[in-house]
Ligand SMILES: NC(=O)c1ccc[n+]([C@@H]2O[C@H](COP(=O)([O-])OP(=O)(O)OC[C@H]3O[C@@H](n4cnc5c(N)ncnc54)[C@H](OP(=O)(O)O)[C@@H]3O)[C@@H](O)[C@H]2O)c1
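Shown next as structure tokens: one chain only, the form predicted on its own.
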């Protein structure tokens, strides 16, 4: 059947999927939220920005004759994922999620689970600490409520405005990083606590390994709720679905 795919992207997995789709010669568009100023070159045509909620996405699917949607967004881009479930169901367009399997604590991990960003902020109430805040730039303002801490931030793009954190050091760099690099980074900045979202996958796991090796606690932010949908955890699973089961609505 003719395929005209919409890939909701922003992850390494989305880029890998785009390469696989392009190699097959299938038509597709990779949609990016636009939160990164310097996105890496992608193998498929791109669109940048939101759709305007569920109705906007539903209209886009109709107007562009989209046959399949692959949600390969970050596990914490929950609103986009919720919108995709609702819009695809309404438009009767098959939907598949390419999601990273969540991390699971291993022997030696010192995790404290919290439900969300406010929970992570509440967990920091107390004496000053040296915190590696590995959550991206979108949620940094919430931590202004705990100005007593030193924060180590590693961002893809340099901040365009003053940070809301009075004691912070920014490193502008793009991964993936190795556990050895992250262990050295934590040691150099005398980090004694890591805050991380449970992003899953391998691309950001180095800091979790490094924390384990150094015996450092991790405040682990659990994933937000997304409505049930069909999911796979690798590009091969997506390609198999498109080859054999892509006519199932999957929502």
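All of these numbers come straight from a predicted model, not from anything done at the bench. Numbering follows the first chain given and starts at 1.
What follows is about the form predicted in complex with the ligand, which we do not show.
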Checklist entry - Does the 4.5 Å heavy atom contact test between residue 80 and the ligand in the model of the complex come out positive? => result yes
Next on the checklist: At 4.5 Å between heavy atoms, is residue 212 in contact with the ligand in the model of the complex?
Outcome noted: no
Checklist entry - Heavy atoms within 4.5 Å of the ligand in the model of the complex: does residue 189 have any? => result no
Checklist entry - Is there a heavy atom of residue 50 lying 4.5 Å or less from a heavy atom of the ligand in the model of the complex? => result yes
Next on the checklist: Between 58, 197, 68, 207, only one gets a heavy atom within 4.5 angstroms of the ligand in the model of the complex; which residue is that?
Outcome noted: 197
Item to check | Heavy atom contact within 4.5 Å of the ligand in the model of the complex, the stretch among 178-186, 42-50, 60-68, 215-223 | outcome: 42-50
Checklist entry - in the model of the complex, does each residue in the set 4, 29 and 85 place a non-hydrogen atom within 4.5 angstroms of the ligand? => result no
